[in-house]
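This document opens with one chain alone, in C-alpha cells, the form predicted alone.
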C-alpha cells in the first residue's frame, strides 16, 4: 500500500516554492492579504490567518481559501432559526452540532459555504468533478496558454498495479524500474509541452516563434498535453457537501493524490468550523455504518455466540469487512 499523505504546513510562505507561483502571482497574493476590511459578518480568526495563502499540495499544486460564509455558530443559528449568534456556551453549541451530525440533519450545515482556488493535475480534476454539488469555474485553455506545470510522483508513490484491486496500487517500485518510469514520465511531459508550444507557434515567453507561420488554435493544441498537466479552478461548496467530499477522499482507500488534497481540506475545516470538524471525525470519518445483517451478527457476538461467515447471512467480502472493522481478522 502507498503511504498516507504527509501533514501539510499551512504556514508556508506564499512565495516559498516558485514551482507553484510566479513572482507576480506571489506579489498579488501578498497585496491582497495586506488589505483589511471591517465587517459585521461572522469572522473566523484561525481561517483568516490563511486566507488567500497557497497551501501546498503534491509537487506543484495548492489550495487557497478565497472566501467563506458562516461558522460553527452559524450552524447552530440556522438549526434554531434564531435571531442571534447561537448560545453563549460552546458546550451547548457542541452538543447541538453533535446531535445534527449524528442524526444526519444536514440542512444547517448547508448554510455555511466556502470558496477555494485549487491547482491540481487534470487526472485528479476528473475524479474531483464527480462531486457535482459545487460551483466550478476552471482555467480556460481555449482562451489562455497553459503553463509548463506537470505532476511528477515522488519515488515513494511510484507503485505497481494491484492484482486484487483494479483501481489501486500495490508495492512501490524500486531501483531501475522506478528510475525508468520516473524518467519516462518527465521526458514525456517535457516533449508534450514542446509540441504544444510548437503547434501554437509560441515560445515560453509567449512570443511568436516563426513570423511566417500560423499557430494552431489553442483549443486544438491543448489536446496534445498529458493528464498530469496542472489546471486551476475556483470551487465553491457548502459545508455539508464538503464534509461528504472529505469523508470519501480522505479515506485510506482513496487515491493518494486526491487524498493529499483532502488532507489539506481537513486542516481548513478544523480552522473554519472546529466543532463541526470534531463531530465529523467522530460520527463520519472515524465512525462506521453497519448493514442490518452486520448489526444482527454483532448483536449475536455480544451475546457470546460463535458466528461464522457461512451462517451469518453476509457475503465473504462483507464478512471480511466486518472482521476488519471489529479488528477480528
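Residue numbers count along the first chain shown, from 1. The structure presented is a predicted model; accordingly, all values stated were derived computationally and were not measured.
Another form, the form predicted in complex with another copy of the chain, is not on view; read the next lines as being about it.
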property	result
In the predicted bound form, residue 257 touching another copy of the chain (heavy atom, 4.5 Å)	yes
Residue 309, heavy atom within 4.5 angstroms of another copy of the chain in the predicted bound form	no
Contact label in the predicted bound form: residue 29 to another copy of the chain, heavy atom within 4.5 Å	yes
Contact label in the predicted bound form: residue 56 to another copy of the chain, heavy atom within 4.5 Å	no
Listed residue that, although another copy of the chain is not shown, lies within 4.5 Å of it in the predicted bound form (heavy atoms), from 247, 90, 208, 216	216
Sequence-ordered residues of 149-176 touching another copy of the chain in the predicted bound form, heavy atom within 4.5 Å	151, 153, 157, 158, 159, 160, 161, 166, 167, 168, 169, 171, 172, 173, 174
